[in-house]
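Next comes just one chain, in structure tokens: the form predicted on its own.
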């Protein structure tokens, strides 16, 4: 293998390095290892539900603006509705997974 084939890779060293990941708010608020309060999971669920409420409110406002003629861009309205739908599907899938997990736990023999 000729060494000239590796020459284009030398330009990769000039790329800026990525910053290390910072912990998100939900993991920062989580109790230390071994904690039993469970506030991290509850906080995560509350954040997801709040996001869904905001997405639904934005979709409702966008539809109302479209109905009253204030919205000029149909694409923005469609995007707001799609975001609300994706948010709802996320919550629905979380509910289904939690329900499945609960059923698995109830089937466990003690």
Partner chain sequence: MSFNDLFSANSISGSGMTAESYRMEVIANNIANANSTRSANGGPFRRQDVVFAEVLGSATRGAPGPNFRGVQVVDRIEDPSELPRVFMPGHPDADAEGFVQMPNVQLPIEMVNLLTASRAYEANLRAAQTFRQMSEQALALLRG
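Because the structure is a prediction, the values reported are computed rather than measured. Residue numbers count along the first chain shown, from 1.
Here the subject shifts to the form predicted in complex with its partner chain, a form of this protein not shown in this document.
In the model of the complex, its partner chain lies within 4.5 Å of some heavy atom of residue 85.
Residue contact check for residue 40: none of its heavy atoms lie within 4.5 Å of its partner chain in the model of the complex. Residue 79 belongs to the set of residues with a heavy atom inside 4.5 Å of its partner chain in the model of the complex. For the chain shown alone, residue 55 is a contact residue for its partner chain in the model of the complex, at least one non-hydrogen atom being within 4.5 angstroms.
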